[in-house]
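Shown next as C-alpha cells: one chain only, the form predicted alone.
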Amino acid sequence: MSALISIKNVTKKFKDLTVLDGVNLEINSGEIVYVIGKSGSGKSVLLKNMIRLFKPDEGEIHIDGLDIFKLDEKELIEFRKKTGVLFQMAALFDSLTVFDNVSFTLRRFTKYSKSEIKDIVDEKLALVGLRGYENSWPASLSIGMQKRVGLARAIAMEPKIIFCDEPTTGVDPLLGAAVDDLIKKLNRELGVTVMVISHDMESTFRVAHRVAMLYNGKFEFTGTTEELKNNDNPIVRQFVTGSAHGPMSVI
C-alpha cells in the first residue's frame, strides 16, 4: 500500500540558510504522526510546504497520489477540500461568529443548502463539545475553546487529512490533554490522517502513532513513541528529556 503522504528529498533554503535539507517522510492513511524538534528546526517550514504556502527548492510532496506542486488552480481547490488545517492560534475570523467560522469553507466551496450547512456545523460543533456556541464570537471564547472551533472548521469538509500546527501551545496542561483527546477522537471516529507539528513531548507520547524529529534540516529520528522513549541517540535523548546539557545547542 502506498503512503497517503510522501515527502521526497525536500529542500528549502532562505538565502544562505538551509532549513530543510533533503528530507524524506511517509505517512500512511489513518496514522497520527508528530513532527517534533526544537524551535527553528524547520517544523513549520515543512508544514507550510505541505499546504502550499511555500514551495520547495528541490524535491516533491505527494498527497493522496497527487504531486501538489503540479496542480492547477482548479485542481488545487479540489485538493484543499481533502485537507484541514488547525493553525497554532486557531486563526479564527474575529468578525465572524463561531457558526460562520465553521461554515466558511462549506459556503465558499459547496452547493449545500442553508439547512444542510446548519446540520453539518451542528454535527462538527457537537463532535468538539461546543454545541450551543454557534452565535458566540471568538473573542468571548477561551484559547482552548478557540482551538476546538478551529478543529471543527478543519473537519467541516470531512477531509482525509488534518494538519495541526502546535495545537497545545498557549493552553494549560488540562486543556492540552483535552485537545490531545480530541485529536485522537477525530482520528478514531472520522478515520482522518493527522500530522502534528509540536515540541510538546507529553502530547507526543499521549497521541502519536509515529514520531519524526527534525534536527539541522534532516530527520534525526523516525519511529514509534516506544522507540523514541528507548532511543540512545544523544541528540534525541536531550530533546526528549528537555535537558539543557548535551550536543544540541539550547539557543
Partner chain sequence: MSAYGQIVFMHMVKAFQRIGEGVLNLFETIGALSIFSAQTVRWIFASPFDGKYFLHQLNEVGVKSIPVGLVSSFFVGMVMGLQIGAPMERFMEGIASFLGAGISIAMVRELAPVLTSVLLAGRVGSSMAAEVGTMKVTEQIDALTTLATNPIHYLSVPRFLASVVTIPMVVTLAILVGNFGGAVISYFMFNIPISQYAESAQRIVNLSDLLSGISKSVFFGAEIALISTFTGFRASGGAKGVGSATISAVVNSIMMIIVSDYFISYLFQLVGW
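Numbering follows the first chain given and starts at 1. This structure is a prediction, so every number in the text was calculated from the model and none was measured. Between two forms, the rigid core is defined as the largest C-alpha subset superposing within 1.5 Å.
There is another form of the same protein, the form predicted together with its partner chain; it is not shown, and what comes next is about it.
Using a 4.5 angstroms limit between non-hydrogen atoms, residue 51 touches its partner chain in the model of the complex. Using a 4.5 angstroms threshold between heavy atoms, residue 92 counts as touching its partner chain in the model of the complex.
Contact annotation: residue 80 falls within 4.5 Å of its partner chain in the model of the complex, judged by heavy atom distances.
Although the partner is absent here, residue 108 lies within 4.5 Å of its partner chain in the model of the complex, judged by heavy atoms.
The three marked residues, 85, 96 and 100, each reach its partner chain in the model of the complex, with a heavy atom inside 4.5 Å.
Only one of 210-218, 51-59, 34-42, 178-186 places residue heavy atoms within 4.5 angstroms of its partner chain in the model of the complex, namely 51-59. The rigid-core alignment places the CA of residue 75 2 Å or more apart between the shown form and the other one.
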